[in-house]
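What follows is one chain in structure tokens, specifically the form predicted on its own.
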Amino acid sequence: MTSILEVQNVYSGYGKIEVLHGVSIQADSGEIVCIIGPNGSGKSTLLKTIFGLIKPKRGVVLFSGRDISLKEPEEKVGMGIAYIPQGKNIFPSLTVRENLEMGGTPLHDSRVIEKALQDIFQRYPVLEKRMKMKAGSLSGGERQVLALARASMVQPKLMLLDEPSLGLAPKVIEEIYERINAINHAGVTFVIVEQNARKALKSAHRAYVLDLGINRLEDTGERLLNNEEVKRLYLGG
């Protein structure tokens, strides 16, 4: 497989506070890669660094072999990278349709945006039914579906997801991961940060454990799920 993302020995943080201390991860094309670890381990900081919201102090971020370490988020979107932050990942005061149109802004051409919109409505009938509703009136699960759909408007090659299951009921989490798996089967690579470690590891081809800003473990999702040390330290027994 060809690596679509390589994070090599990255040091990053906020101002003088260093959060990541030489973190390295890799995602091959078509993989779901999950990052687990305790709160404060640097998982969200890693995604923000990959997307360009934070610039690495040292180390390199490669996308399809190209150094994108210091590029701005807008440039990365244009290259095929989408980022869905945790929590506030939609515009609640806009309608569902307007949210999707915002996601299609990088496409520039109104006809291309409209075609992408119709493709989304075919794949997500629930959003077509609610397209005139304010996004803020959607349920938590519907909001997460909208966030995924909005990111899909530009047909990204790589999606960065921060806590997609946060605050959702178990049944809804199942539905969200079904959506993620369907998008992945269509060829999109995922890097997912997730507190629901069991669920994430079940879906992951490759997984990393971050702790205190350094790599602790790397393996397949299945092997980490059955690793006794991971069970004891990160999965609650």
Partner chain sequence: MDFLFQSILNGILAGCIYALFAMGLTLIYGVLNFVNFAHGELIMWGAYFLYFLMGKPFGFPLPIALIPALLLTILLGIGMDRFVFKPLRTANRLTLLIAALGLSFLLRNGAQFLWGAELRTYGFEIKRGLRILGISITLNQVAIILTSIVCIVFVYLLFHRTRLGKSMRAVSDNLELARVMGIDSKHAIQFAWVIASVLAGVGGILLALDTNLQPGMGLINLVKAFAATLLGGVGNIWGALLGGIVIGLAENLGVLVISPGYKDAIAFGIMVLMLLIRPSALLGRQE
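Note that this is a predicted model, so its numbers are computed, not measured. Residue numbers count along the first chain shown, from 1.
If you look for the form predicted together with its partner chain, you will not find it shown, but the lines that follow are about it.
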Suppose contact means a heavy atom within 4.5 Å; in the model of the complex, does that hold for all of 88, 91 and 150 with its partner chain? yes
Please tell me whether any heavy atom belonging to residue 125 falls inside 4.5 Å of a heavy atom of its partner chain, as the geometry stands in the model of the complex. no
Tell me, yes or no, whether residue 102 is in contact with its partner chain in the model of the complex, where a contact means a heavy atom of each within 4.5 Å. yes
Residue 132 within 4.5 Å of its partner chain in the model of the complex, heavy atoms: no
Verify the contact flag for residue 110: yes if a non-hydrogen atom of it lies within 4.5 Å of a non-hydrogen atom of its partner chain in the model of the complex, no if not. yes
Just one of 31 to 39, 192 to 200, 167 to 175, 46 to 54 has heavy atoms within 4.5 Å of its partner chain in the model of the complex; which? 46 to 54
Within 62 to 90, the residues that have a heavy atom no more than 4.5 Å from its partner chain in the model of the complex: 72, 73, 74, 77, 83, 85, 88, 89, 90
